[in-house]
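In the block that follows, a single chain appears as structure tokens, in the form predicted alone.
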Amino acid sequence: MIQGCENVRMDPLLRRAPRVAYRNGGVDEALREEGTLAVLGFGRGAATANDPRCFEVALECFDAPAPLEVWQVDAPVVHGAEGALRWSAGGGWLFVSIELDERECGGPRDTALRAYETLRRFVGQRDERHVLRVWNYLGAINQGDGDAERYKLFCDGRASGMGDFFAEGFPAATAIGHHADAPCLQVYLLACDQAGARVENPRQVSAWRYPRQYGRTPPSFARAMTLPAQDALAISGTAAVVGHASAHADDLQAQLQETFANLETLLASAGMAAGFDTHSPLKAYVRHPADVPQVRDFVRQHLPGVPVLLLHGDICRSELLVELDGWRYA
């Protein structure tokens, strides 16, 4: 619950946050339910459908069977496709996804540029033009040295493709490396016809203010985003970063503790009570499969009952072993 708001009646005109949950079951069943905005499957065996609301995320899940992630809104949903871009909308909310093959676009920089140019043009003409949350998944994210590292090239292309679309402030975001065979870039986002409120972490330098050592173009995201009705917090990819530096290189347990401290600080910065509950789904991206038992034990101890999806993904800094993101509902 948002602190200080227990007796305040929410403005009924503000958009209630989409409900995000993990569930086992069939894709078709989820798509038939009224208000289904998006259905995400994970890994090569993910069950998906030929529907613009479905998206197969190129990250393998350490849980079997991998659950679906389902987004639902309080309104009928329409959907469509424009080339590589797929979208769905309802109740003032918009889900958009795009997947591009780097072999057809010229590498990570040009692929990111094309993806974000396409997204900017589409979202910019919609009523739901306030982008609140973005997810980015690309292969071999840590490959390359210096400014030629693939993540840094992605950041260059993303900024060029965005132009001045986020001049008033960046959305919450995640960027993780996948291990799919195809060199593809996947981007999907949540937008609304009402603005949210950006949240930063006082323990960390804002990402867009990182010094030059992190690349020509600093990462472009807010640490979190409060959704319009202040009924949910969309949390960006959060790892063991203090100030702008990675902490506890190659020490998984210490990184988990630092990441948890950053999550709690974000909640406090957003004016939310401490802790997560059974309605607040999170993702844990784990670099090394051998580390999964330790991550799972940490989650059980520090986040009891919280739905946490464990995924095989590389963090954008090679010394970091784990990253968490997700949702916290008020």
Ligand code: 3EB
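Residue positions are given as counts along the sequence shown, with the first one as 1. Computed from a prediction, not measured in an experiment: that's the story for all the values here.
Below, we refer to the form predicted together with the named molecule, which is not included among the displayed structures.
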| property | result |
| --- | --- |
| Residue stretch of 76-84, 234-242, 192-200, 107-115 approaching the named molecule in the predicted complex, non-hydrogen atom distance within 4.5 Å | 234-242 |
| Listed residue (Phe165, Tyr210, Phe122, Phe260) with a non-hydrogen atom within 4.5 angstroms of the named molecule in the predicted complex | Tyr210 |
| Contact assignment for the named molecule in the predicted complex, among Tyr137, Trp71, Phe221, Phe95, heavy atom within 4.5 Å | Phe221 |
| Distance check, Leu185 to the named molecule in the predicted complex, heavy atom within 4.5 Å | no |
| Partner proximity in the predicted complex: Thr174 to the named molecule, non-hydrogen atom cutoff 4.5 Å | yes |
| Proximity of Cys316 to the named molecule in the predicted complex, heavy atoms at 4.5 Å | yes |
| Partner contact for Phe170 in the predicted complex: the named molecule, 4.5 angstroms, heavy atom | no |
| Every residue of Tyr151, Arg158 and Glu323 near the named molecule in the predicted complex, heavy atom within 4.5 Å | yes |
